[in-house]
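The data below hold one chain only, encoded as structure tokens and taken in the form predicted on its own.
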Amino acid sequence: MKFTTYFTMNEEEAAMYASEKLGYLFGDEFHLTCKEIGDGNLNYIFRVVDEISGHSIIIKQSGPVARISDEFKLSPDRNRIEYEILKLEDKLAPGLVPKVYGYDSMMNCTVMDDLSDHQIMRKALMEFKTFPRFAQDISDFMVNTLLLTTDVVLEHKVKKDLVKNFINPELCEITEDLVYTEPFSDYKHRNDVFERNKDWVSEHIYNSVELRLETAKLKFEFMNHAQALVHGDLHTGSIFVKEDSTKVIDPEFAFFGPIGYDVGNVMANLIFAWVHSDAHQQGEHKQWLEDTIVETLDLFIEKFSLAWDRHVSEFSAKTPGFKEYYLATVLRDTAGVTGLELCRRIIGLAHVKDITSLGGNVRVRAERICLSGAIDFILKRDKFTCGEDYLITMQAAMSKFARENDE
């Protein structure tokens, strides 16, 4: 096979592709086998192993439509974006992303490190594992990849060239629809709400004009605020972990947008893990998650301030008081996005296993706690200035549910 015309590969074809195109990664003699391991919504992930040496790589191929639904027609250019983003992120945050070896524009695939010695963080947290380095690593990643790609650090023309290079309209449209719009109105009738919570969602989400107004404000900030090079999908399903390592993967949604979009996604998905742990009465694990929720945001704030003082080069940005103003807008956006992510993963089309693995009354409770907290994060987003504020809000939502259901 020449692989000169695009087609979606199967396991056998991916092994042939590696043999023909990537032999230099394996040496003079090799025997390759392949397994498709992708379980995401968009792409095909092939793990190719040399049975002689044991060396393995990942081939990630983009198809013309999303795996989750043929409704979503996608540009395969997202694979090029992912390849270039991973290279850039490795420079900005060394050791916190997988190494990439190549990009094939014809077959729309990227070749990268195999992280099989790590585990997807969502799955690991659902197994009640803890990761002492996570808060330090993820705060390093966010500060270094976000602040260092803003106008306050980069020369303006350099930054604008990067904005052009990472325009990502198809995947941004998915975010605009599935995160910012549909969970609050269901106007396209694609939402997927747990049956026993449908009436609650209608009353507290769909029928709230105040909530819809605030999400509209957040949506247009997302669409028009090219602040930094955001990952765009920074949740626990896009992070590989082991006890001494954290690797961020899947930046195909990346584009220049609000810093708070990435930070809020991390916070929301830690909250999903927290309610899952609580549902299973895992007290020690739940306490670790509470500490991690607080520490993740507080470390981000601390490191952001230090990195600002070290790296900011723009004259106006050095004006006394501007750093504090700028950081306050990031924290406001972070709270809003935390609420959006909590809503869209419960109400919208793409769910998380932290919640869907629960059943009956336990799921009803977990969803309502998340959604009650989400409403506060969106409507009162100016009030969330440290990690403890998030924990207090979620604990209050838990207490509120208990009171309402004892009555």
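Each residue number is its position in the shown sequence, starting from 1. Note that this is a predicted model, so its numbers are computed, not measured.
Beyond the structure shown, there is the form predicted in complex with a further copy of the same chain, which is absent from this document and is the topic of what follows.
Taking a further copy of the same chain in the model of the complex as the reference, which of 235, 303, 247, 219 has a non-hydrogen atom within 4.5 Å?
Flagged contact: 219.
Which of 92, 100, 172, 96 has a heavy atom within 4.5 Å of a further copy of the same chain in the model of the complex?
Spelling it out, the residue with a heavy atom inside the cut-off is 172.
Answer for residue 152 alone: is it within 4.5 Å of a further copy of the same chain in the model of the complex, judged on heavy atom distances?
Result yes; residue 152 sits at the interface with a further copy of the same chain in the model of the complex.
How about residue 157: is it within 4.5 Å of a further copy of the same chain in the model of the complex, going by heavy atoms?
Result yes; residue 157 sits at the interface with a further copy of the same chain in the model of the complex.
Answer yes if any heavy atom of residue 167 is within 4.5 Å of a heavy atom of a further copy of the same chain in the model of the complex; otherwise answer no.
Close contact exists here: in the model of the complex, residue 167 approaches a further copy of the same chain to within 4.5 Å, heavy atoms only.
I'd like to know if residue 163 sits close to a further copy of the same chain in the model of the complex, meaning any non-hydrogen atom pair within 4.5 angstroms.
So residue 163 counts as contacting a further copy of the same chain.
Have a look at 270 to 278, 190 to 198, 308 to 316, 125 to 133 and name the one stretch with heavy atoms inside 4.5 Å of a further copy of the same chain in the model of the complex.
Partner-contacting stretch among the options: 308 to 316.
Out of 213 to 230, which residues reach within 4.5 Å of a further copy of the same chain in the model of the complex, heavy atoms considered?
Residues within 4.5 Å: 213, 216, 217, 219, 220, 221, 223, 224, 225, 226, 227.
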